[in-house]
Each structure stands twice: as C-alpha cells, then as structure tokens.
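Shown here is one chain on its own, the form predicted alone, set out as structure tokens.
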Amino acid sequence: MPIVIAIDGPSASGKSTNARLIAKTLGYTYVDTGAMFRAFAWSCLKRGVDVHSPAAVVAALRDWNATLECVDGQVRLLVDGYFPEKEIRTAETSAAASSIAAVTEVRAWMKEAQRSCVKFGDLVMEGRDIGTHIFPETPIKFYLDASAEERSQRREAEGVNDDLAARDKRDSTRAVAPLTVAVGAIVINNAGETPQQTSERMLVEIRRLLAERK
C-alpha cells in the first residue's frame, strides 16, 4: 500500500505550499483536493448549472466527463480532457466550490476519486477532510493552523479578499466531512513561520513516523 501523508487545515493555513515542498523533498505525488472540487465547480458554472441547487449539482455530477492524470508529480482532474488551471482560481469558482462541496453526492464522488490516487504511488494529499474522511487509516496526519487574522493577511498578500470567518464556519459546520482535527493528527500552528520552517518541522515528524513503520 502506498504511503499517504494527509495535510488538513482551514484556508490560508499553508497546506498547499507545505504539501508541495514536502512532496518535492520526498519524491511523492502531490494531490490538491481543493482543486478537484474547484474543477467540478468550474464545470458547473461553464454549463450554467445552479450551484446552489443540490439537485442540479447532482444531475451535473452524473454526466460530467472527468479523468485523473499525473503530470510532473502532481495529480490533475481533467474536464473533457482539459485542465482549467487558471479558471479554477477565480473568486467566482472559489465561491461555487464552497457550495458544491456541501453536497453529499459530490463528496462521495470526490472521496472515490481521491482514494484512487494511490495508483500514482506515494502521496502528499492536502485538503479539509483527508485525515478524517478520505484516508483516516493513514498514520501520517497533520493539521495546519494559524489565527484568522494571520491567515487573512496571507490572503491579502496574495491579492485575494476572502471572508475567511464565513468560510471557516461553513467548512467546520457542514453535515458531511466537516473540517476538524483528525484523531492522531499532529497539530502545527505555523504563525510567524516561513513555509520552509514549517515544512522542516513536518519532515522531522514524517521521517520519525516512516522509521516507525519499518
């Protein structure tokens, strides 16, 4: 069974940056599960689907043409053979992704797709429910966090104006796979740290846990 490193946490907690750094250091495949939700959200918007209607979203889910591929060590979800790399980063797509992510059938589809990523080898997978819902069995789990104020500053530095408080509330109170600290997860508050400092702290723990597996 391939090794899975699960990294969860709220928006702007450093999940993506640190997951990339760790995947590159270890030679593992990187999986951004948020990008997968965004790809479906973008597909819905492109097709004129009402993303606030669960019934409409489920109908769209049944007939969309999606495939997984691994390119340069990163898993991508293609829509009709196309990877909407820039399109999924817009504010509109981000808001739509938050809506469709609350639909039970969407999360079930994503869980199956995300678990199938082990076919690409050892993984560093980041999201909001990896350690609790997608790979609860993995012994290598992290939960990254920082204060809402610091995370908002990070978003502003990226030129993004998100209502993180509202997003945190939606993620932590949704009925299906809410954002929470997984049992056995190592919690890291990376306030005031550079990504390199955080990833080094994580790598120390990862190497310890990998050594214990042998």
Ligand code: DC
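Heads up: residue numbers just count along the shown sequence, starting at 1. Bear in mind the structure is a predicted one, so any value in this text is a computation, not a measurement.
The form predicted in complex with the ligand is left out here; the points below concern that form.
Trainee: Have a look at 139-147, 74-82, 115-123, 89-97 and name the one stretch with heavy atoms inside 4.5 Å of the ligand in the predicted bound form.
Mentor: Only one stretch qualifies here: 89-97.
Trainee: Using a 4.5 angstroms cut-off on non-hydrogen atoms, would residue 38 count as touching the ligand in the predicted bound form?
Mentor: It does: once the ligand is placed as it appears in the predicted bound form, residue 38 has a heavy atom within 4.5 Å of it.
Trainee: May I ask you to state whether residue 54 is within 4.5 Å of the ligand in the predicted bound form, using heavy atom distances?
Mentor: Residue 54: no contact with the ligand in the predicted bound form.
Trainee: Residue 33 versus the ligand, in the predicted bound form: is there a non-hydrogen atom within 4.5 Å?
Mentor: The answer is yes: residue 33 has a heavy atom within 4.5 Å of the ligand.
Trainee: With a cut-off of 4.5 Å between heavy atoms, is residue 151 one of the residues that contacts the ligand in the predicted bound form?
Mentor: No - in the predicted bound form, heavy atoms of residue 151 and the ligand never come within 4.5 Å of each other.
Trainee: Is any part of 39-76 within 4.5 angstroms of the ligand in the predicted bound form by a non-hydrogen atom, and which residues would that be?
Mentor: The stretch 39-76, when checked against the ligand in the predicted bound form, contributes no residue at the 4.5 Å heavy-atom cut-off.
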